[in-house]
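The chain below stands alone and is given as structure tokens, in the form predicted alone.
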């Protein structure tokens, strides 16, 4: 069993990428991925309402394979965003929140973001945060019940690729989980994270269609970890976290 915690759907003109449900299902089948947590490109950078409505319709026929995140580009749109998150979670089966940081203009550690994150904590859904470990640590301290997946575990421009600092942030707070999604394949990267925070706090992700899911899976299956640790990362941890809502 493999559950991918970090997948994109829709059109990203900047990356010259477009993926619908059919394309993702074909890629997942080739890589042996059973379920995908998906976030919409347009909601992430442009139109929150249109993007989340599109993803709801696109995956509705395949809810056995797709688990949608409610996706936002900023918390500065007012109270309706938190209300919309609640509606999508309660009425449409969305199981997470995706937020994105593009410093210095758009950061997740923003007072305007806090009501939305408090709503996620209240709804008991995890937050996939594309940001630095320090920002994730700050948010978890401000919203104690919040569960954050630190996207790319620091292997992104926002965090300057410093995954060691992301691991240190996760080590400082039990509600920060490390997402293995990355184009970086540093030797011992996954093993180091497991050694520092435990296999129970590491999650498999691919970032498809931007990155090859077969390589992302191999980063876990070919690592120097025990079979139990690999199973936790590939599906056990995310299944436990998704079960927070009962």
Partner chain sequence: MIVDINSYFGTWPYWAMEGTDVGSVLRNMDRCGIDKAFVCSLRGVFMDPAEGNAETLAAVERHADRLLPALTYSPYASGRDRYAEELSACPARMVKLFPLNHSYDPLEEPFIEELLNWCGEHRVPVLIPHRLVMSWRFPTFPVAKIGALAEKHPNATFILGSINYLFELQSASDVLRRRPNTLVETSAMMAFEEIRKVSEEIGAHRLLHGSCNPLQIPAVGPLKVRTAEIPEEQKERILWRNAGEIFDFAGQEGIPK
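Positions refer to the first chain, counted from 1. Predicted model only: the values in this text are computed from it and were never measured.
Although not depicted, the form predicted in complex with its partner chain is the subject of the following passage.
Proximity of residue 147 to its partner chain in the predicted complex falls outside the 4.5 Å heavy atom cutoff. In the predicted complex, residue 222 approaches its partner chain with a heavy atom inside 4.5 Å. Heavy atoms of residue 164 reach within 4.5 Å of its partner chain in the predicted complex, making it an interface residue. At a distance threshold of 4.5 angstroms between non-hydrogen atoms, residue 212 is in contact with its partner chain in the predicted complex. Contact annotation for the candidate site: 30, 156 and 184 all lie close to its partner chain in the predicted complex (heavy atom within 4.5 Å). Annotated contact segment (heavy atom within 4.5 Å of its partner chain in the predicted complex): 184 to 192, selected among 38 to 46, 184 to 192, 64 to 72, 197 to 205. Annotation for 1 to 37: interface residues with its partner chain in the predicted complex are 14, 15, 16, 23, 26, 27, 30 [heavy atom within 4.5 Å].
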